[in-house]
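What follows is one chain in structure tokens, specifically the form predicted on its own.
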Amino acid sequence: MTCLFTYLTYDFVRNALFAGSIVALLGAVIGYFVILRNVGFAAHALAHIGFTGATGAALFGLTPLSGMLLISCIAGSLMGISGNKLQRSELAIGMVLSVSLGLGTLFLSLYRGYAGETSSILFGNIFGIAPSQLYEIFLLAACSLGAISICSRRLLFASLQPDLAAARGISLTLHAILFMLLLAVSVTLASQVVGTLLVFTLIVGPAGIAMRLTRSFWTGILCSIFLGLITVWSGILLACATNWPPSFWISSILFFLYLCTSIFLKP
């Protein structure tokens, strides 16, 4: 225990915990709607599409965060325009995902900078987050949470009863675009913690487990936030204690919780 408190005296650990908490909070909320709207594959695709933006930005001397955010928002907007057809567009999304990964591989081969920067895009490097990045992460997450808090009721209505929501004058396309933009931001920030390869785990994992443990919407959201925060904090501190990657611990903890709910809870 004393050793863990010692780790908290380091700035890079405190920065990692602060950034991880923000990302876990946003990911837990957005992830709950991802499952409700059945767009898990789109969330997975956005992470890999963002990989192309991140590697392209690194190639042209920009920050990977800005490149991934730009490409993910563009892709998310295009996905949102398809509205409820998104769930039936797996082939189209898969093809876009494939060509995006191909472009990302090309950009990586052309990149002549520090190899560790490109590795952090794939696997995350939360201990390398600078104080200036914390402000960017906080601002993006705050704006996203503010937006989803304003439209949460309509978004929930459109997610559960799309036909009835449309009949009552709610624009399904507008809400789909807004949600996909928020998902793009969430995916981009989550990649800073676990990398693009494992971002799907942090976005969907806490929310999926929370849905198994709860029955009401707000209880599920709170449970998802709790699971996301505990998982990220535990993963960071275990990484300090073992020198193993935080992304490994975060994904392993969530998988363990998923197995527990699968074994001990009835479907």
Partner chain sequence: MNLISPSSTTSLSQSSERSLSLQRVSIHLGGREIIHDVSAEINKGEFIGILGPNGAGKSTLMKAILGLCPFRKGIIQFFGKPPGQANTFIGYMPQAQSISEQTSLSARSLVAAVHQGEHWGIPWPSSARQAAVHRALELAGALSYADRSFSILSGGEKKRVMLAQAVIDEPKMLILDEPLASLDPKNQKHLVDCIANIKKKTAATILFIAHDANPLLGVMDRVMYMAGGKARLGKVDEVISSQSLSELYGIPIHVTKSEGRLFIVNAESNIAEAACCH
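Positions refer to the first chain, counted from 1. What you see is a predicted model, and the numbers here were worked out from it, not measured in a lab.
Omitted from view is the form predicted in complex with its partner chain, to which the following refers.
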#### Entry: in the model of the complex, Phe60 touching its partner chain (heavy atom, 4.5 Å)
no
### Message
Is it the case that Phe127, even though its partner is missing from this view, gets within 4.5 Å of its partner chain in the model of the complex, heavy atoms only?
### Response
no
### Task
Could you confirm whether Phe217 comes within 4.5 Å of its partner chain in the model of the complex, counting heavy atoms only?
yes
### Task
Verify the contact flag for Ser152: yes if a non-hydrogen atom of it lies within 4.5 Å of a non-hydrogen atom of its partner chain in the model of the complex, no if not.
yes
## Note on the structure
Which of 52-60, 31-39, 226-234, 65-73 lies within 4.5 Å of its partner chain in the model of the complex, heavy atoms considered? The stretch 31-39
#### Entry: Option touching its partner chain, based on a heavy atom within 4.5 Å in the model of the complex, out of Leu78, Leu110, Leu160, Leu139
Leu160
### Task
Have a look at Ala167, Cys143, Leu106, Val99 for me and say which one sits with a heavy atom within 4.5 Å of its partner chain in the model of the complex.
Ala167
